[in-house]
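Here's a solo chain for you in structure tokens, the form predicted on its own.
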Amino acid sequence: MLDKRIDIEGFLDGLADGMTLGIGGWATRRKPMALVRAIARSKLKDLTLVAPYGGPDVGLLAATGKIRKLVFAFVSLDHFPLDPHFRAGRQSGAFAVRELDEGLAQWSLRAGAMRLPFLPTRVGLGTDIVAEAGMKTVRSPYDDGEELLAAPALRVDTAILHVHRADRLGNTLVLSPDPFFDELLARAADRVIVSTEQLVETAALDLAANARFNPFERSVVSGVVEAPLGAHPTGAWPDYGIDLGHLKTYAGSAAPEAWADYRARFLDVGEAGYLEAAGGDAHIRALPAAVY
């Protein structure tokens, strides 16, 4: 049985300039932020990001100049509507974009996950997305003859996802009620790296009883990084909630001097330094569930 445990350095060694990177999670929930911060601190560049539900992951990589192209449905900090660094990069043209709505993002990822070149859909017809993304239509071969949009497959070189529990074999549990598109990203990727709140023995996962929390197969997982609190400042409920105080500080870091201060305090200090500066284990684990 293959032991898939790797450390942050091993994770970075598997990445390369110019690759297409998929990022799971939703805006401020269960983002693989420890892995994102490692990329932000690295020398990697010219990345194409596929981030259907972007949040501070996209913002940090925009602020550190890692993005060549962004494929997304939205980028938000939820309680703070726009990520400041995404906004600055988008407005200045710092990276190319392919903007999709959530339906097209899901359908294109599903096509990639199924190893199909496209999937037919009505989503997007009659909008500017079709022309701007260079999409094509197909006609149904059946009696209806309906013209449908051919949503092109989205594939990624590496997907990074954050889970609550994992074992060394790549079995995972996502305990929050929000797996979102993670299972599609996992199956649409050539390589999948998961960061996990806890690395446990296989028996502790109780996979027979917890099958509904296991959204993708261990066979698609290439590496497992143990990263307690690795989603912070986004939430990983039920382990901890969203750190709105930290996100407010991050949202205020758009100006050059504010970004320099944020980077010095929270990014350039390494992961252990980040967690200490963010308030430490007790503070983060006490963060309550978000109320919407």
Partner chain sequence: MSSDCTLAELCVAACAEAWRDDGEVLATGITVVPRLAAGLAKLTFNPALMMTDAEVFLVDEPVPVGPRGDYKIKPEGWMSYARTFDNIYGGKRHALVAPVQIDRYGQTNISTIGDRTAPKAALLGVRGYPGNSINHPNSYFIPSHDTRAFVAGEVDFVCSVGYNPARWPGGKRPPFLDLRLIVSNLAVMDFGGSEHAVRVRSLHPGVTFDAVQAATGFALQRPADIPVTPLPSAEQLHLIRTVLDPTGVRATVFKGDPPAARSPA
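Positions refer to the first chain, counted from 1. Just so we're clear, the structure is a prediction, and the values are computed from it rather than from any experiment.
Below, we refer to the form predicted in complex with its partner chain, which is not included among the displayed structures.
*Asks:* In the predicted complex, which of 111-119, 186-194, 91-99, 150-158 comes within 4.5 Å of its partner chain (heavy atoms)?
*Replies:* That would be 91-99.
*Asks:* Since the partner isn't included here, can you check whether its partner chain sits close to all of Phe216, Ala236 and Asp281 in the predicted complex (heavy atom within 4.5 Å for each)?
*Replies:* No residue of the spot touches its partner chain in the predicted complex.
*Asks:* Go through Leu82, Leu175, Leu199, Leu169 and name the one with a heavy atom inside 4.5 Å of its partner chain in the predicted complex.
*Replies:* The residue in contact is Leu82.
*Asks:* Any chance Ile6 has a heavy atom within 4.5 Å of its partner chain in the predicted complex?
*Replies:* So Ile6 does not count as contacting its partner chain.
*Asks:* Using a 4.5 Å heavy atom cut-off, state whether Tyr250 contacts its partner chain in the predicted complex.
*Replies:* So Tyr250 does not count as contacting its partner chain.
*Asks:* Does any heavy atom of Val123 come within 4.5 Å of a heavy atom of its partner chain in the predicted complex?
*Replies:* Within the cut-off, so yes.
*Asks:* Report whether the minimum heavy atom distance between Arg29 and its partner chain in the predicted complex is within 4.5 Å.
*Replies:* Result yes; Arg29 sits at the interface with its partner chain in the predicted complex.
*Asks:* Which residues within 259-292 place at least one heavy atom within 4.5 Å of its partner chain in the predicted complex?
*Replies:* Ala290, Val291, Tyr292 sit within 4.5 Å of the partner.
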